[in-house]
Ligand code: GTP
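First, one chain by itself: the form predicted on its own, in structure tokens.
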Amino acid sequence: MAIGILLVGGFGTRLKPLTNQTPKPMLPIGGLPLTEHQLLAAKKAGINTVILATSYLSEVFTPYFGDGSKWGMKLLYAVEKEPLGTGGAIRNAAAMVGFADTSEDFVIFNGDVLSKHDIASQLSFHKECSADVTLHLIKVADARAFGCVPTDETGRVSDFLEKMDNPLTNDINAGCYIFNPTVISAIPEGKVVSIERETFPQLVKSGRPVFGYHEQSYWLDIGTPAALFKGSRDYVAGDFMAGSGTKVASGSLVTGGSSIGSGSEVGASCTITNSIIGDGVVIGDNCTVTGSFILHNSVISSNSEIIGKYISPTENLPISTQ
């Protein structure tokens, strides 16, 4: 079966201040880190070994995920001393399982994408096409903000195009790739390499079989606070969601697709709307929390009004969720 690689080393600059103390793949979506959602999707597709390619705040991942046994998986960690770009990160991670000596394909996940597409079907398509690389492609209404990926009638990729005012297609790269191990062998070791700007265009130009797997499923780039809040609301799909051991006192209202992690406490007569609240958070009585992100183990004093804020045990900063 295939081996997974999660690219979770980015700085999450567009998500600041939410990423000041938390790497973006560990930010919660419906009470679970984005990375956990991706691991569950990989597991569903039959992928049991996954390598986390980490860099920024790499020490946050291991205490939470450990060796993966909690999920019935084997997890490995490839820590980059210096960021190597997407291609360099893939090469560095794959070296942990001896990619040159395996016939198994690698499924690569961008660490900031929430997708519900059928990974097993993408793998089947990859094998049917005898592809070297297969990308998940989705169609968007306006591709001007993205690089677009034209394909022929068989699904073979004909080009990789940068952002343009008049895109040739509305099909864009959705951030899940399947690699034949020979492709990884061609990525220079220890160098900063972009698969989007270097590896993919070079493969197409040289005539290698690069295919696009089209599936118009739920997909979201969790690149901004607004996108993170949307992803969490979509996952909650109701008024609110609370983790195990969380207590909400009588007379309090939690709504607007809010999520609360595990072991948190919400006092009496509180109103919480469109907010993401972590684990072990204590919110006092008579508080209003709207459009805010409250990091794990934070304490909110009674009678507080928290609107459009990022709150951690050490920080109180404004954010925009619009």
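Quick caveat, the model's predicted, so the values are computed rather than measured. Residue indices: 1-based, along the sequence shown.
Keep in mind the form predicted in complex with the ligand is missing from the figure; the text below concerns it.
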Please state whether all three residues P33, L114 and D118 have a non-hydrogen atom within 4.5 angstroms of the ligand in the predicted bound form. no
If the cut-off is 4.5 angstroms on heavy atoms, which of these, N180, T199, N173, N110, is the one near the ligand in the predicted bound form? N110
Pick from A89, V149, L228, L135: which has a non-hydrogen atom within 4.5 Å of the ligand in the predicted bound form? A89
So which stretch, 124 to 132, 80 to 88, 99 to 107, 243 to 251, is the one near the ligand in the predicted bound form (non-hydrogen atoms, 4.5 Å)? 80 to 88
Using 4.5 Å between non-hydrogen atoms, is L7 touching the ligand in the predicted bound form? yes
Can you work out whether K24 and the ligand are in contact in the predicted bound form, taking contact to mean some heavy atom pair no more than 4.5 Å apart? yes
Do T13 and the ligand come within 4.5 Å of each other in the predicted bound form, heavy atoms counted? yes
Please check if S258 has a heavy atom lying within 4.5 Å of any heavy atom of the ligand in the predicted bound form. no
Is any part of 39 to 72 within 4.5 angstroms of the ligand in the predicted bound form by a non-hydrogen atom, and which residues would that be? A53, T54
